[in-house]
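Given next, in structure tokens, is a single chain: the form predicted on its own.
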């Protein structure tokens, strides 16, 4: 390089880039070749011009220009199986100098991206943990799952409604069936409906979405049949009110005031109407069990309701109530998977800190 710069100085031209090389881009679907070079020693270089030549052709194709700080260029227009060589030209405001061309390189596709091996290993390990706990839940009916106080109170709250001869109100949120919180609310509704059918407690389920209304009606009907009380189910239990947010809130407040349910379930996705519903229910003296993954509404439910399912407790509720092996095993598997991930993060952080200690002493 020193000799090249000296010759260039004598001739009055800028020094060319060095070590031009080309190679197939790894772990891709083909069609890409990476060109690399070392920077020209001349400070007057403003850009590099990259050219390509296919084997057997005498013509050089212009690919593009890159800045003077660039040391590589990816040719995305290469054809698989065709050999190409590349040339890099250093350009200043007044002169250009070309480097010797690279050797030939061929673009090819790979069947497997080796960069995804950690993801593959993680998927296998987490899948094994999940399947293990699902299998275990099938024979271990007493598989432990953390106590959720709000769900422990369901039987007590429904028993209170039965003793008082007053209905139970269940609001499955104001979102559509596409919302995960709505699906979780409908799962819990099925378990609550089984208990109201068993206790003979009237159930009121108002809805703000037509599709959610249809699904909720079928869930409640099936729950009554499962509980051995298909005769107790009527079409009036589940009904559609309106798809307007505050009109729905006003209608539900009216139901709370007129019917005075002994127990209110506010579970699902809620918005600005959350505090209106919770305050009205609290003013009627009802036991209120709420649950949502809407972080902005949780403070209102925690303040105005007796029990609140926070975040993932909402998703675990149906497994907690039903003790269904598939759901219960999935919850346990997810918990252990999260513990494993957190442990690996902590271990990786400690190893990174320990590896950097000798360097930190000299900073």
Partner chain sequence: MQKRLPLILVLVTGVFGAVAFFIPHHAVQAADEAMRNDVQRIIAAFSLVLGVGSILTHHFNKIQHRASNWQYSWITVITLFVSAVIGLFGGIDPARPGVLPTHIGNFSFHIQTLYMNMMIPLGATMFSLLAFFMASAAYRAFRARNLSATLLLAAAFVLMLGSVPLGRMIFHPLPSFAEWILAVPNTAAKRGINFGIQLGVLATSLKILLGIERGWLGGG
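Numbering follows the first chain given and starts at 1. What we label the rigid core is the largest C-alpha set whose atoms superpose within 1.5 Å from one form to the other. Being a predicted model, the structure only gives us computed values, none of them experimental.
Heads up, the form predicted together with its partner chain isn't pictured, but that's what we're talking about next.
Within 4.5 Å of its partner chain in the predicted bound form, a heavy atom is found for every one of 112, 272 and 304. Distance criterion of 4.5 Å from any heavy atom to its partner chain in the predicted bound form singles out 327 from the list 50, 327, 45, 33. Only one of 164, 74, 119, 71 comes within 4.5 Å of its partner chain in the predicted bound form through a heavy atom, and that residue is 119. Taking non-hydrogen atoms only, residue 187 approaches its partner chain to within 4.5 angstroms in the predicted bound form. Its partner chain in the predicted bound form is not approached by residue 231, whose heavy atoms all lie more than 4.5 angstroms from it. Among residues of the shown chain, residue 210 is one whose heavy atoms approach its partner chain to within 4.5 Å in the predicted bound form.
Although the partner is absent here, residue 106 is not a contact residue: none of its heavy atoms lies within 4.5 angstroms of its partner chain in the predicted bound form. Stretch-level contact check against its partner chain in the predicted bound form with heavy atoms at 4.5 Å: of 195 to 203, 174 to 182, 83 to 91, 155 to 163, the positive one is 174 to 182. Of the residues in 54 to 68, none comes within 4.5 Å of its partner chain in the predicted bound form through any heavy atom.
Residue 28 is among the residues whose C-alpha shifts by 2 Å or more between the shown form and the other one once the rigid core is aligned. Core-superposed comparison between the shown form and the other one: the C-alpha position of residue 278 differs by less than 2 Å. Core-superposed comparison between the shown form and the other one: the C-alpha position of residue 260 differs by less than 2 Å.
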